[in-house]
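The chain below stands alone and is given in structure tokens; this is the form predicted on its own.
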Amino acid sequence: MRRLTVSDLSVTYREASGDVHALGPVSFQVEAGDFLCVLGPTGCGKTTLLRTIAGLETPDTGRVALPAGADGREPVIGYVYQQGALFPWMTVRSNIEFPLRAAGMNRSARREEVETMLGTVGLSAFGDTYPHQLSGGMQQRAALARCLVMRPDLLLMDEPFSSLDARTSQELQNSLRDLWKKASTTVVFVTHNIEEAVYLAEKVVVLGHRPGQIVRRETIQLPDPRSRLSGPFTDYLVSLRQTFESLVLEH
């Protein structure tokens, strides 16, 4: 089975004030189509891990083996940042269309794909709107659409909802789970929000303080649709919170 494999990954930053061992060693696997949340306190190396998986950082040790794409092609990777990183001079429609144009898709096909994706993320009425005219939540919907329109084999998400209010964040969490189930995309989602991790993930790994190493692995077995008020949900929440509290006491 195709999977993402991270083996003995370790990253050190060389700075004028001295070397900073930011991450590792870290090892885990994510099965194709699974949803993994990487949970941990601020500064534990979560973003470094994500950037290294994406090929944006070079590890000191270890390796990342990405799942093959359809028909054995190179895997397509989507990356959603904490701030959506939309092109401000482009409309929402043009932002979503951009990766398809870069990939050489013909005009009529890409326009059809874009209109479908606008509807999927609830932005059909905002295709001609510019990013600065949108709320934070709508900007993140557009950023997610720009990634999903590529039909990525692997979707990397770096705390994409952390700057949003609680209601908007929960709405986007609901949308993301629905989209993930339909797309069958492998997702690695970084967060420091325990409730968000329990709601979204099928699997959770918890990183300890820098240099981030895995201190806990958890499988989230909850029925869909997930309820934040259910007893089992609360049990996972309390258990993971206890792990966080122990990290605070150790630090």
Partner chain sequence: MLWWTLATGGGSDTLLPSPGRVLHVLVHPLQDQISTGSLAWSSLVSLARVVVGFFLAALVGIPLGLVMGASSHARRMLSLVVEMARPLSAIALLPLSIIIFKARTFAQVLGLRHLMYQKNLLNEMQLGMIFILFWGGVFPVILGTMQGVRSVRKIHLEAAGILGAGRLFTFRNVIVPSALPDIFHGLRMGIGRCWMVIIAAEMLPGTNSGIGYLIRYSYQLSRYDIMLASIIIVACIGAVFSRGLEALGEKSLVLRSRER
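Positions refer to the first chain, counted from 1. Computed from a prediction, not measured in an experiment: that's the story for all the values here.
Omitted here: the form predicted in complex with its partner chain. The next part is about that form.
This chain lacks the partner; the member of Val114, Leu86, Met138, Leu172 within 4.5 angstroms of its partner chain in the model of the complex by a non-hydrogen atom is Leu86.
The closest heavy atom approach of Ile77 to its partner chain in the model of the complex falls within 4.5 Å. In the model of the complex, its partner chain lies within 4.5 Å of some heavy atom of Met90. Proximity of Arg73 to its partner chain in the model of the complex falls outside the 4.5 Å heavy atom cutoff. The shortest heavy atom separation between Arg167 and its partner chain in the model of the complex exceeds 4.5 Å.
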